[in-house]
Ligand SMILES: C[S@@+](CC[C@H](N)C(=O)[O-])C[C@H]1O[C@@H](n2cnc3c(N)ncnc32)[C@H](O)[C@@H]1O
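As a starting point, one isolated chain is supplied in structure tokens, in the form predicted on its own.
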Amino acid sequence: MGLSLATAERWVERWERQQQRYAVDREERFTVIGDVVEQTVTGGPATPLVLDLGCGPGSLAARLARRLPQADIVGVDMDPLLLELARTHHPDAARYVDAVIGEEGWTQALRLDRPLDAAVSTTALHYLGVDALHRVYRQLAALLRPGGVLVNGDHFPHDDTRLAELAGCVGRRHAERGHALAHEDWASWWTAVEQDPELTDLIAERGRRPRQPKTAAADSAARLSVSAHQRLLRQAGFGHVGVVWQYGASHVVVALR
């Protein structure tokens, strides 16, 4: 299933462009996540250990590796095609693990040799149902060292419906000003990927995998507000929880162990 570097570069570059449609001010969000992680690990272990949850093709892992070249980064994802793009395009950024976040045994599959200094995620954990999300938050709290941090960048709706509408408007206007909506969307990217003969085996493997079921619980989790996430994080054992960055409905939520 090995890919050529040229093929991986082409599809990751297209991935980066299409993701701009969905993550408001995506590059700044990545930068903020890196700022939080860098600040947290400064003065800590000489080789910090960072977990990237739902790493996809390595977008966040690669940026963190440039910011923190001394860190050991572990990326975990359930998609064999995205993982192969990451391994080929960003081979030195992280050690990539094929596992389903939240399923039984997923933390053992990471093969961590010490407590985590940081766990990060961006636009990835919203597919989990509320119970699974709470369980994952508890597991991450157990994996992190005291003083370690969980940083989650995603879209979180406001509790107030009117504010949610205004935040959505802010995000759309930003995307329009940056011409982000001119890029292909998620569905178009996957349709194009499926036509690439070099990816045939990976697409077939992806088709054989059980997909995360679309459930009412997952829909409910996707609509959880920032305050609801903060409540779940505190219940999971995190002591300091809050938002450090926001643009429209896009937030970076930080939880300190």
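Computed from a predicted model, the values in this text were never measured in an experiment. Numbers for residues come from their place in the sequence shown, where the first is 1.
Although it is not shown, the form predicted together with the named molecule is what the next lines describe.
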query	finding
Interface stretch in the model of the complex with the named molecule - options 158-166, 79-87, 139-147, 110-118, non-hydrogen atom within 4.5 Å	79-87
A175, S250 and V253 each touching the named molecule in the model of the complex (heavy atom, 4.5 Å)	no
Contact test in the model of the complex: P48 vs the named molecule, heavy atoms, 4.5 Å	no
W15: touches the named molecule in the model of the complex, heavy atom cutoff 4.5 angstroms	yes
Partner proximity in the model of the complex: Y96 to the named molecule, non-hydrogen atom cutoff 4.5 Å	no
Touches the named molecule in the model of the complex: A124 (any heavy atom, 4.5 Å)	yes
Residue (of V74, V100, V170, V130) lying close to the named molecule in the model of the complex, criterion heavy atoms within 4.5 Å	V100
The named molecule in the model of the complex - contacting residues of 173-191, heavy atom within 4.5 Å	W186
